[in-house]
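Coming up is one lone chain in structure tokens, specifically the form predicted alone.
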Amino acid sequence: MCGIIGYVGSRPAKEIIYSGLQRLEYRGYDSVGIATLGKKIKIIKAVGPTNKLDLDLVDATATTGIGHTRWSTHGKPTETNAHPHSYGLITLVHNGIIDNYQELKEKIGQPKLKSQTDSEVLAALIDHYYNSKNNLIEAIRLAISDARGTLGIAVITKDHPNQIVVARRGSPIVIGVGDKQNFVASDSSAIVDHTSKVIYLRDDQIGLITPNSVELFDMKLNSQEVSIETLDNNSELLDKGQYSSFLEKEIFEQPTSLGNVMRGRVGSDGSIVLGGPNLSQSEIQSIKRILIIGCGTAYYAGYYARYELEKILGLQVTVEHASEFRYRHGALEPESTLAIFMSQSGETADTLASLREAKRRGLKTMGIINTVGSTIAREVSHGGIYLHAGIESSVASTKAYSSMVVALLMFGAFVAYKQGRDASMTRKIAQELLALPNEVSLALENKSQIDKIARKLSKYDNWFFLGRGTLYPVAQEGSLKLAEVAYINSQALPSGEMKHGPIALVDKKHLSVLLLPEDQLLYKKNLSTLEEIKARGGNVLTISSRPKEKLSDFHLELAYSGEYTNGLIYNVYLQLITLAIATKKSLNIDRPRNLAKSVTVE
């Protein structure tokens, strides 16, 4: 959610931290701040995005510093509540939530606390221990031992001018390794321009970083092995290029991202080979139930795949909101249940908590993740599938959604083959998948037509998205996108549920988006829904692979791409509708209000 960047080396820290903060704005952007450490610590803060900072006030000679862009959890967006926070000898930036910060306030006393944040309390607690122990790493260890909740922190003090200390519990920290310089970030996108060598800090690890060294410690201050990994250089994905927004760019990158998720996995001969899932043949044979767990867009990707996986495998497939799964007590048989965890970032707090709960219950766990080296990817017991979709800079997820669906379809076909089911079905799925990138490219060519209709639709403030079968979760994802990017009140429903209550909302100011399927029986049933809405004065946009129906007010026609993948073509149209409406309303498309990209707090 919030973003951390830090630098220690021989170069001026000012520009490195500032550019890193700009890269991190998609993680949180209601306030921002930089602390540089030269002869003394200098802090500047601002409410709003990074460009609100007055860089002339930053020490241009300091070669150590930390920065932060904030998404509010405790306290309103104000300069006082913005990070970095200083208390006594300690200056800190913090991602996460300290659940017991009120108790910690009482422990240390609070006469000098200035903000409403839990983060300043953590800084004060570290200072409290530092004054008594005179050892910064020991002080941080004691403080985070007292703290309950999630944290990713970077700490500096004037006592150690060429040093940053980091720690994490549940909130990501990555250390970038350079030549006589090192970097700290909550997200590798902030440092990808400077280094390709990174160290992923693990939970309850503390890192001591100087220009020439990185040392890691556990919570007993025992030295830990330092493992350096190579980062994919996706820096070109962080530029908008010819597009007006990252959202538009990432919508149009879907043919490429879909090709990437299939590369080396789906063969032209109809074979599907997956090396990531660490499942033996006997474990694959034992699967009787699949549980898919995610949040937001990842949840809807799983919901789409649920319909297809049940058809492909003949097994029970359940989709759960990660924020709810860990509080439910349904009977799950560990020996026959596979739990799949979906997350673009691999750091989503609710999903990670659910993963740990699933492992506690003895379930086999697998991940479908976009971010290599992320916590969920490391903690699943049975491997998984990396999407290789590339960095998503826009808060609203687009290419990760379609890649997740494809990953699940590949996995379903792979398991079906391994379980000895009809090989012709696996070949059919493979053929549809291989054709999909081109089908999406053709759908994107209809942007100008969609823009024209969307301009007419922008006057409606209340929307329904309606579908049956796999088009119901497509409707859910379309509704979510419209709400989060265009700020339009929207809800998604199975078409058949309209008459059971929601139709009471229909009037001439209301728009319903009706996704009409290829299947003849379901198509006719959806026409009944169309007639019900029109009989009550509602307005309807139909999207279909068939020509416009007489009762429809607006219509978009698309090409039918196949039994398993056609919903993804509808999804492209819905993405373009949201993009067009948000553009017409002159909204901040990539940074929707109140939202953050990676939700690393519960």
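Residue positions are given as counts along the sequence shown, with the first one as 1. These numbers were taken from a predicted model, which means no experiment stands behind them.
Quick note: we don't show the form predicted together with a small molecule, though the next part is all about it.
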* Heavy atom distance at most 4.5 Å to the small molecule in the predicted complex, all of I5, H68 and A123 -> no
* Which of these stretches, 194 to 202, 210 to 218, 397 to 405, 175 to 183, has heavy atoms within 4.5 Å of the small molecule in the predicted complex? -> 397 to 405
* Using 4.5 Å between non-hydrogen atoms, is T297 touching the small molecule in the predicted complex? -> yes
* K481: heavy atom within 4.5 Å of the small molecule in the predicted complex? -> yes
* Asked: Given that the partner is absent here, does M342 sit within 4.5 Å of the small molecule in the predicted complex, heavy atoms only?
  -> yes
* Any non-hydrogen atom of T348 within 4.5 angstroms of the small molecule in the predicted complex -> yes
